[in-house]
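In structure tokens, the next block holds one chain alone, the form predicted on its own.
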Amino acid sequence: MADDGREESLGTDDDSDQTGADGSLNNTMVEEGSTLMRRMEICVAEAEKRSGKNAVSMQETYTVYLIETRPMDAVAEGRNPAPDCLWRRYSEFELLRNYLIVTYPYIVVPPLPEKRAEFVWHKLSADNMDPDFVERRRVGLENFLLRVASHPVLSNDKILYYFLTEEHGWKEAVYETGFQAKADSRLRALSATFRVRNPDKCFMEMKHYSDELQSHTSQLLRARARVADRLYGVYKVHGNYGRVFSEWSAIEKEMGDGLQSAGHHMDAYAASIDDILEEEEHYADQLKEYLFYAEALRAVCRKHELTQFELEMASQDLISKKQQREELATGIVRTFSLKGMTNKLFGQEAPEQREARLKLLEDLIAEGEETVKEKTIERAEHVEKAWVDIQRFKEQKDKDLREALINYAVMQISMCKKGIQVWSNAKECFLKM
């Protein structure tokens, strides 16, 4: 995923690199074509449970994650410097992702791992403080950072770099960008979805695809959870074979050793399911990533609908104002209006009033034409950039899901072979009796 490009040191950014000509924060760190993954080694090394007071002075327990970074050039040269370390809460990862979604609306932003466990089989804890769940989330958070750091656009955002390297002050840098004011409200997006007249066909198909992707992955995860429940029961029931064979061996002289050995094999088989299902969770988490990716893909499509809707509204408003100008210039009212009725009842406007209205309409039309031009450019840029990133996402998705499903199948085959081996061993024990 990382593109070729000149490597550039991150530790030498000066003030001129951090601010633009207008004094605002410049979000781009280096020239396009280089990714952060080529310059920095990133990992979420561990998780730690802490207690403290929240914003309303209530005691709470939460988890923090240790992010370690190391310059890639030092690693390449064989040096092994101590990594730079800082702690982040899950909510801080959420803030970073929300910023990226707003700042780069044409990008399918990688999702975060689930905040609370979903699609779990009955023996798996749904508690978000459960150590196994926290560990899986740690892996997911590291995967999120690696996804972002290897993205050709997102990886060069300065806020991402602050998140990874500045323990204090990075939140202030995020809020200074004003991203919250730029965020599209859900109501506006919903309105655009139902009122847009001419959405791009490709984006409509992609939005439908994201719905189908979410539906199929969720069904697959539910089926896997049901299979895991039943598989756990089947394996554990084999422990009964072990108990019966062991007890039976106590009353047999010639058959005793064989029965006892077979019982040991059955006990080992029953105990192996815990490790098997723990490995399965790894593949389930890979599927969940694309379950959540579906919503990120929909967000890009909704942004297209919104930009198209705003263009249509601006165009409609411009047409309306041009019609008003024509009616005012000719004195012929083509559509019913309160102003037309007023003129018929009380007479025409004075020439001075008419000229003033004409001038105001000319100014509004000029503004409207500029707005339509801006909205047209905005929509075209979003379509072009979004489609490039969607194609990149589809290639990544095909590769990742193919690999995950193949590995899952290999794991199932290995599990079945171990079961066959257990019964083969038991058979050998019975033959020796």
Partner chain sequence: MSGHTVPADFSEHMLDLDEDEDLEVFTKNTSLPDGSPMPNSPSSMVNQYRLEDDDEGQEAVNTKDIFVTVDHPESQVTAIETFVLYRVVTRTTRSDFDSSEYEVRRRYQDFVWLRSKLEEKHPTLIVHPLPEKFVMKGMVERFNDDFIETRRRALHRFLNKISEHPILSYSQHFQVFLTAQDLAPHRKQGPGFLSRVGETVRAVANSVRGLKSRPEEFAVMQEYVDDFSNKMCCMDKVTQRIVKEQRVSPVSVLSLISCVEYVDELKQYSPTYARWGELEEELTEPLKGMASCVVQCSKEAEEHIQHLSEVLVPALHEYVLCAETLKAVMRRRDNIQAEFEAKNEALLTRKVEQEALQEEVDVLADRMEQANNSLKGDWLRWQRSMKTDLRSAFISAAEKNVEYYEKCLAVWESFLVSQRADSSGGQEDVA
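It should be emphasised that the depicted structure is a prediction, and the values quoted were computed from it without experimental measurement. In this text, the rigid core denotes the largest set of C-alpha atoms whose superposition between the two forms falls within 1.5 Å. Residue numbers count along the first chain shown, from 1.
The same protein also exists as the form predicted in complex with the partner chain; that form is not shown, yet it is the one meant from here on.
Name the stretch, out of 351 to 359, 223 to 231, 300 to 308, 106 to 114, where some heavy atom lies within 4.5 Å of the partner chain in the model of the complex.
Flagged stretch: 223 to 231.
Going by heavy atom distances of 4.5 angstroms or less, which of V102, M255, L95, V153 would be at the interface with the partner chain in the model of the complex?
Going through each option in turn, the one that passes is M255.
Within 4.5 Å, heavy atoms only, which of F133, F245, Y161, F203 is in contact with the partner chain in the model of the complex?
None of the other options qualify; the answer is F245.
Residue contact check: R89 to the partner chain in the model of the complex, 4.5 Å heavy atom
R89: no, not in contact with the partner chain in the model of the complex.
Although the partner chain is absent from this view, report whether K49 comes within 4.5 Å of it in the model of the complex, heavy atoms only.
So K49 does not count as contacting the partner chain.
Using a 4.5 Å heavy atom cut-off, state whether K373 contacts the partner chain in the model of the complex.
K373: no, not in contact with the partner chain in the model of the complex.
Can you tell me if L66 lies within 4.5 angstroms of the partner chain in the model of the complex, counting non-hydrogen atoms only?
Residue-level check for L66: no, no contact with the partner chain.
Within 394 to 420, the residues that have a heavy atom no more than 4.5 Å from the partner chain in the model of the complex
Contacts from 394 to 420: K394, K397, D398, L401, R402, E403, L405, I406, Y408, A409, V410, Q412, I413, S414, M415, C416, K417, G419, I420.
Does I159 move its CA by 2 angstroms or more between the shown form and the other one when the core is aligned?
No.
Can we say the CA of D275 moves by at least 2 Å between the shown form and the other one when the core is superposed?
No, shifts by less than 2 Å.
Core-aligned, is the CA shift for E212 between the shown form and the other one 2 angstroms or more?
Shift at E212: below 2 Å after core fit.
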